[in-house]
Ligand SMILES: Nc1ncnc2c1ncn2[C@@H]1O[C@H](COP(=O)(O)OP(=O)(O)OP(=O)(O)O)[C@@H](O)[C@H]1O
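Quick setup: one chain, the form predicted on its own, written in structure tokens, and binding and motion questions come after.
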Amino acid sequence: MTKAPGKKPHLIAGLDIGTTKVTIVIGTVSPVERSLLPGASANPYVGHELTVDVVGLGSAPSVGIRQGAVVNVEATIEAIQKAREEAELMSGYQISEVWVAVGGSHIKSFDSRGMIAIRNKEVRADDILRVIEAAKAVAVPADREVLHVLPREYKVDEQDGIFDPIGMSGVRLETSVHIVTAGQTFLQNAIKCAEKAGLRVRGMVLQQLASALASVSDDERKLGVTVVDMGGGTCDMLTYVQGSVAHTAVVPVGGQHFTQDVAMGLRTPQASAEKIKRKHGCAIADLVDENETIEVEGVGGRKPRAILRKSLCEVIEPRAEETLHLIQAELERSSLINHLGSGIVLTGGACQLEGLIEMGEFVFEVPVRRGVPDRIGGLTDVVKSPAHATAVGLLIYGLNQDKLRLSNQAVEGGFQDVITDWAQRVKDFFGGAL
């Protein structure tokens, strides 16, 4: 397949403000020709499949975030600026706006239903918008904001289980949706940090939704799958059933809790505990050599000492088991664990712990795999890590929002303002749902 010619690239950037690090990924939209037949459209974004290529990645340590909440504005702004500089230097492009991931224990979700009369007796796009708006017309506390309205299925008259009703004939259209809300204060603080770092926020995206977009296939969604983004402060969960989002949840335990256990158990500084956990940690102590030793840094100027690696793993194992059982308990509360035909996908930086997949299969009794971004092009080796799944997913989300306009708008004078205005109109219609 050949790249279609274009006047200038359309940039998309994602900002993941995590508990342990801030990451910015920059991507360019690449139109790939489906056909080289004579008479093809002169617009490189018409009649072509659009993909996003990663061109830049920047990250910086984060100390201003705790479980998805900004606790130090200045430190967060500084981390965003450092990550931005690194990503722009790698890509050679300047960015001015970003999609921002939102996660943490302030995220709440619920199901809702809507019903309307079908105009002209045939379902059209405006009917879809109206029925979603009807489903969204529920009381939401003043201190919360709707982040996403995710349709699960539609029903035309008495026929249910419909996922794309456009063109169908009927009198009544119903839908069931999954509504995700976030704490208004948490969103405002994240937006403030991004804007003070010189970046305009195009939209806020649920963290685990972005991770799922980057690391889960369409077949897995249809069969049923739970994505668990294991971050530094929380494990953010999202479950697909028959291709639609059916449940979201947050478990308030993450990689930092593992690190704290190591620091306390081995009496070593936090920074040293993090390095030891990453390099030598294992969720199952029986998987390591009983005679293998590692060096542990002392506290307060004390000399380093050698300990058995198995002793480290015996500190980590109870926390890993507890975390997986908390995830299992949340799945059982949702009553969806029997619908996971594709099992569970673990992603996020904390899922890289050795032995965690094996322990997961034992605890959940369903297939478990580690999810890495694989639905993008460009510098794939640079971002091919579970730790970058959210940031890469933001690029895919941004592409999905821009795709319609990129495909239908001529490339004259650039598309940036047109795309932004269109996205803003859609966002205003949904009240920030997109």
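No experiment lies behind these values; they were computed from the predicted model shown. Don't overthink the numbering: it's just position in the shown sequence, from 1.
Omitted from view is the form predicted in complex with the named molecule, to which the following refers.
The partner is absent here; in the model of the complex, the one residue of Val216, Leu312, Leu353, Leu346 having a heavy atom within 4.5 Å of the named molecule is Leu353.
Of the candidates Gly56, Gly398, Gly68, Pro373, Gly68 is the one whose heavy atoms come within 4.5 Å of the named molecule in the model of the complex; the others do not. For the named molecule in the model of the complex, the listed stretch (189 to 197, 249 to 257, 295 to 303, 150 to 158) containing residues with heavy atoms inside 4.5 Å is 249 to 257. Of the heavy atoms in Lys277, some are within 4.5 Å of the named molecule in the model of the complex. Among heavy atoms of His10, none comes within 4.5 Å of the named molecule in the model of the complex. Proximity of Ile80 to the named molecule in the model of the complex: non-hydrogen atoms within 4.5 Å are absent; the residue sits far from the partner. In the model of the complex, Thr234 approaches the named molecule with a heavy atom inside 4.5 Å.
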